[in-house]
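Here we start with a single chain on its own, the form predicted alone, put down as C-alpha cells.
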C-alpha cells in the first residue's frame, strides 16, 4: 500500500509518536516516547550518547526494520496513517521520509547520477530535459549548483566533505520527500562546512519538515524551532534505556526548561 499524502497547514503535525517502546531482541532501547513533529519546522533531538535519539529518528522511516531483532510497540503516524500498519510498504515510507546520515555517503557515480539515480528508480523524470532540470533544481536547493555545474560528470567522491554532504542532501530532496531526517549530519565536518549545512537547513524548512539528531547543543539552538531532550536510565539488570525528558520550543528548552535534568544537560553539567 502506498503511503498517501494530503495538504496540511504549516502548523499541523506531520509525524506523531504515541507511547513507543523499541526493542532489539530482549533489550529495550527506548521506553514510552510520545511527541508530535510539526510541519515545515526543524525539530532537534539532543541528549547524551545511548539515549535512543538515532533509534527514534530511524523509526520514523522504518530504517530500523533492517536491524535484526527490531520490534516497535506503540504507534507512529505520518499524515494520520500508522506507519507500522501491516499494509504499509516501508519502501514507500522512505520515499516520503528521506534520511541524511552522519557520514557523507555519495554513490560511486558521477555528481549528476548521484542525483538522477533515485529519480530514475522512482520514475520521477520522464525525459532527459526533465532529468536535467531536476538535477539542477536539487543541487540549487542544496546550495551546490554553482560549485559543481561545470563538473557534473566527475565522481561524487571528488568533492570535499561538506560538498559531499550537500550532495547527499540534494540526492534526498530529488525524490520529493515531505520529511528529511538528519542523523548528526555535521559530525564529520569542519566548522565552515558545518555552518553551510546549518544555513542550508534553515532554507530547506521552507519546503520540508526536518528532524535532526545532534550532539552539538549550540547547533540545536541555532537551527531548531523545537527541541526534544532525551536521557537514559538503568533498568533492572543494569541495561540502560532511552526516554524523553522534555520537548518544547527551542528557546524554552535552552532558557527556561521545566526539568532539572534538562537544565543540567543544556548548561553542560553532564553529557
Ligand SMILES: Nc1ncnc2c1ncn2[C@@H]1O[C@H](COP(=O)(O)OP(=O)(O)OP(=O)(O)O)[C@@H](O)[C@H]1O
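The structure displayed is predicted, hence computed values, not measured ones. Positions refer to the first chain, counted from 1.
This next part talks about the form predicted in complex with the named molecule, which is not shown.
- Taking the partner from elsewhere, every residue among 50, 67 and 184 has a non-hydrogen atom within 4.5 angstroms of the named molecule in the predicted bound form.
- With the partner left out here, the named molecule still marks one of 218-226, 22-30, 35-43, 201-209 in the predicted bound form; by a 4.5 Å heavy atom cut-off that stretch is 22-30.
- Contact check for residue 61: every heavy atom lies farther than 4.5 Å from the named molecule in the predicted bound form.
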